[in-house]
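Presented as structure tokens, the chain that follows is alone, the form predicted alone.
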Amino acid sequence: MNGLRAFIVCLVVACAAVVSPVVVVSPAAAVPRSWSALPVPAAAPPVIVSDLAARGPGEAWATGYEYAADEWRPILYRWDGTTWSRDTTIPGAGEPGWLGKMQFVGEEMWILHSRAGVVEILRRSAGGWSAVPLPQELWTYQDFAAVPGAAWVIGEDDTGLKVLRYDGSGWTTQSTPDGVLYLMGITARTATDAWAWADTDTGTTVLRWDGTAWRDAKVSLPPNSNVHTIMLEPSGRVTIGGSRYTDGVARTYLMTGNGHAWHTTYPPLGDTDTEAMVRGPDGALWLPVRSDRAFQSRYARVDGLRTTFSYGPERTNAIDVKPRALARAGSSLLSFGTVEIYGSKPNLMSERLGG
């Protein structure tokens, strides 16, 4: 009888092993769903955060500017996979100016830089820092994008809209379609595939550079809407984030295109600015949102039609925690921004999801 019972048990176990699928947990799916605080060396408050970009789990950079000696001065921070440190080797580190948007271009890092009123592109390589001067001075510098073989700076001078393109050897000024009044942002996937969002005499329009000219991308944006950001991915997928105004109330929308069609959703994000949106290691879209808790940051995760929220760690005596930028760093997410503690001016903060 005992032998028969042992045989039946073994048979059941064997059948279960055949029928039950093997569950494989990918590294991205295994990322813990809790944020932790990362110490950041203090700057001179108040501090403005411009951008955050990561090349992998062991290298990320954050740019901005601090108010020191009664003037704005550039700040640059580096993440080495373990800690944040301040990099003071940039040219003009102690001079008036700011650091703006940055891009990884091959093995280099490119940053839009204002130094004593003169704007240039800083390039960091294994051999150190170098600079690419702009061909002219602009009144405003709206945005910057760089890829191997090309870079763009958009803004305005006393004659109006300017689109400046660098091809590695020199600059050209590009024209835009008739009716374009102002370019609000630009991004690029390659030297012959760049996208921009523009204010035109008929409303907000998406433009695309095909290597020859800027043309209307024929994207049917929601009525009465604007664009905050366009995210280009290596797969060819394009994600547009912005706001649509209905009865004076802004509502965030997301549009995703695969090269053939566009799909529009309205996740429950209120009027969140999507400029800091990134694709996370889990495949979902992540972005910081306005928090309902003064002592904690708040993040949204948008995966198809499902939106969930998570909070950063509690910060003692904090009255305003504002992540300004997000970046994927390997299997984790990094955020960089400011935190205001009661009785002091805003200073720098960083948080990490996973690790």
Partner chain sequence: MARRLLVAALAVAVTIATTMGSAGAEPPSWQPVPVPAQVRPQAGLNEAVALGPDRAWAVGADAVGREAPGFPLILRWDGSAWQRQSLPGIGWQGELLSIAATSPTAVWAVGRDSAGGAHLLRFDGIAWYESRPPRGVALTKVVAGGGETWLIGSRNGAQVLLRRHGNGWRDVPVPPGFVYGLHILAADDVWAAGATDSGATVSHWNGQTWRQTIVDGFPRSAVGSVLAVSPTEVWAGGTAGFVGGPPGRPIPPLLVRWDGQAWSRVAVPTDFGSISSLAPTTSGAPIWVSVARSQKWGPPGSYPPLVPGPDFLAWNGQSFTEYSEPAVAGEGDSRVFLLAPVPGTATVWSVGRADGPEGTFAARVLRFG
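Residue numbers count along the first chain shown, from 1. Everything numeric here is computed off the predicted structure, so don't read it as measured data.
As for the form predicted together with the partner chain, it is not shown, yet the points below apply to it.
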Worksheet item: Would R237, H260 and H263 all count as contacting the partner chain in the predicted complex, using a 4.5 Å heavy atom cut-off?
Response: no
Fill in: the partner chain contact in the predicted complex: R55, any heavy atom under 4.5 Å
no
Discussion item. Although the partner isn't part of this model, could you tell me whether W35 comes within 4.5 Å of the partner chain in the predicted complex, counting any heavy atom of the residue?
Written reply: no
Worksheet item: Does at least one non-hydrogen atom of I319 fall within 4.5 angstroms of the partner chain in the predicted complex?
Response: yes
Discussion item. Even though the partner isn't displayed, in the predicted complex is S50 close enough to the partner chain, meaning a heavy atom within 4.5 Å?
Written reply: no
Worksheet item: With the partner removed from view, which of 284 to 292, 326 to 334, 65 to 73, 302 to 310 is the stretch that lies within 4.5 Å of the partner chain in the predicted complex, judged by heavy atom distances?
Response: 284 to 292
Discussion item. For the stretch 332 to 346, I need every residue with any heavy atom inside 4.5 Å of the partner chain in the predicted complex, listed N to C.
Written reply: E340, Y342, G343, S344, K345
